[in-house]
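Here you get one chain, nothing else, as structure tokens; it is the form predicted on its own.
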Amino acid sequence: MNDTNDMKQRSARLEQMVEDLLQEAKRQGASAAEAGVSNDAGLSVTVRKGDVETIEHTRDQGLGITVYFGQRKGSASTSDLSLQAITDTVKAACNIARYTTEDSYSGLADADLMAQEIPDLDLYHPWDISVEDAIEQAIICEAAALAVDPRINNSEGASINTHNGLQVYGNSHGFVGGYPSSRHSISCAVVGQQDDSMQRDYWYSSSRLAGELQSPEEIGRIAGERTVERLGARPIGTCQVPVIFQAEMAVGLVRSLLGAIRGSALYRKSSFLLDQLEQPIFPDFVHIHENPLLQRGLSSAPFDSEGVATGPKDIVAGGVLKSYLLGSYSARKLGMQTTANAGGARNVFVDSGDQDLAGLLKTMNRGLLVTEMMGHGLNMVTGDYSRGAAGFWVENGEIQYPVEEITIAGNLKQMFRQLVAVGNDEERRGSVRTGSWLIEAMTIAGQ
């Protein structure tokens, strides 16, 4: 109850601060303004080889203001939340706006799109863990990883992280809204050695609610097992074969899709999916959708970063691209309306099929299972895709041996069209949820 009352008081203070920022902007002559204030706190503990390596308490605060003089825009921010700082920060933003060039597309999102209600999405579950308990859990986690196999001979550490935050946004349409949130995680990474070959792997769990995290023992065990599985990795010859992106890697493909349909990429004409709205970009079984209002979702939000009400929508349905991801500025540049995606997409789901990873391996029969990727090898304009990779070679639907020192290459536009199946082994630890992806064919550059 005390924590609830404290959060209400903090929220009221931050809302008043936003109101003060907007009033000060009006007093200094701005025709419109939007402001945000945040207050965050966290604890991070890392243990390595049984010893405490770092203990970090964080407390961050800040405010930002954007003012408009007609269609001239200026922004300023500060970590000082005093009354004088409010006046000075607004003054700085106004001075910038007076000297900027007019931009006919700038301005607040339309008033009639503002969120009228702020639903409780159950995002705030503080973890009252002491430093001593966090250290103990990290030690247990790392010890579980090191105990998996004697070939695990080193550690990059185990970490416990907890974070609580409160953000409030408002604008001169009269909208002011905010909500608290929490996020917690446990992670572990260890190193194994076999002959002269060394391999590293990791595992982690993340949730709004500490009680939903995997246990430290389980996280450590999985990190250790993943590391051991990679020992004895070898390169393979250059070939063209089917490829399965394990669920954690498939998330990256989804993020590439989201980047290609983001408003800024589209109006700059720097996307391989330019002018593809209402066009098929995947096979017709593919359904990708967004739900910003998911209870306890790791990227849930009742409104976007412009105050526009969010809601579920299809991004891809029947394989057809149904929506771009637009804020108000990019929407105006494209002659469209905002999709409530200022600040990005929130809780993106790729519907799964009826096969688990083992089933996908059987379907693939022969090819590569990708479990790690290195480097950034995507040309967003052309869709050309090339990444360093590691994983496992598959024959007769069964994993044969670990693979390293290879590069996988293709074109994302073609890869999307050649998606054969999505597994039901859903990755659930982030803002994108998808199972593993089986791609019909890619080029593997090896020896």
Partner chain sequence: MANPTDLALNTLLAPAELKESDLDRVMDQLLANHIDAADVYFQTGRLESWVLEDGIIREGSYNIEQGVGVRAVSGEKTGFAYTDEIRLPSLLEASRTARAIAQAGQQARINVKSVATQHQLYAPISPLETMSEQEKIDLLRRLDAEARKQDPRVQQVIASLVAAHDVVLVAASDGTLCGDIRPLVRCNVHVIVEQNGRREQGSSGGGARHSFQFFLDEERALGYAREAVRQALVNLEAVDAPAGAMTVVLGPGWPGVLLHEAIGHGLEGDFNRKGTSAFSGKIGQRVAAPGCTVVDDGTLPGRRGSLNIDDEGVATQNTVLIEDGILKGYMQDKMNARLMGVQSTGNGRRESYAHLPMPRMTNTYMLPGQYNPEEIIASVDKGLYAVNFGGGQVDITSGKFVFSASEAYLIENGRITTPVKGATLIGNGPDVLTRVSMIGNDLELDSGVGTCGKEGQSVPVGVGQPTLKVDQLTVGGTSA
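This is a predicted model, so every value here is computed, not measured. Positions refer to the first chain, counted from 1.
The form predicted together with its partner chain exists for this protein as well; it is not shown, and the discussion that follows is about that form.
The candidate spot formed by E372, G377 and G446 is fully in contact with its partner chain in the model of the complex: every one of the three has a heavy atom within 4.5 Å. Contact annotation: of the candidates S77, S305, S215, N365, the single residue with a non-hydrogen atom within 4.5 angstroms of its partner chain in the model of the complex is S77. This chain appears without its partner; in the model of the complex, the one residue of T101, S130, Q116, Q279 with a heavy atom within 4.5 Å of its partner chain is T101. Comparing 416 to 424, 26 to 34, 394 to 402, 377 to 385 against its partner chain in the model of the complex, the single stretch with non-hydrogen atoms within 4.5 angstroms of it is 377 to 385. Although the partner is absent here, V47 sits far enough away that none of its heavy atoms falls within 4.5 Å of its partner chain in the model of the complex. Although the partner is absent from this view, R268 contacts its partner chain in the model of the complex, with a non-hydrogen atom inside 4.5 angstroms. Heavy atoms of N154 reach within 4.5 Å of its partner chain in the model of the complex, making it an interface residue. Although the partner is absent here, F349 sits far enough away that none of its heavy atoms falls within 4.5 Å of its partner chain in the model of the complex. Within 4.5 angstroms of its partner chain in the model of the complex, the stretch 195 to 225 places a non-hydrogen atom from each of M198, Q199, R200, taken in sequence order.
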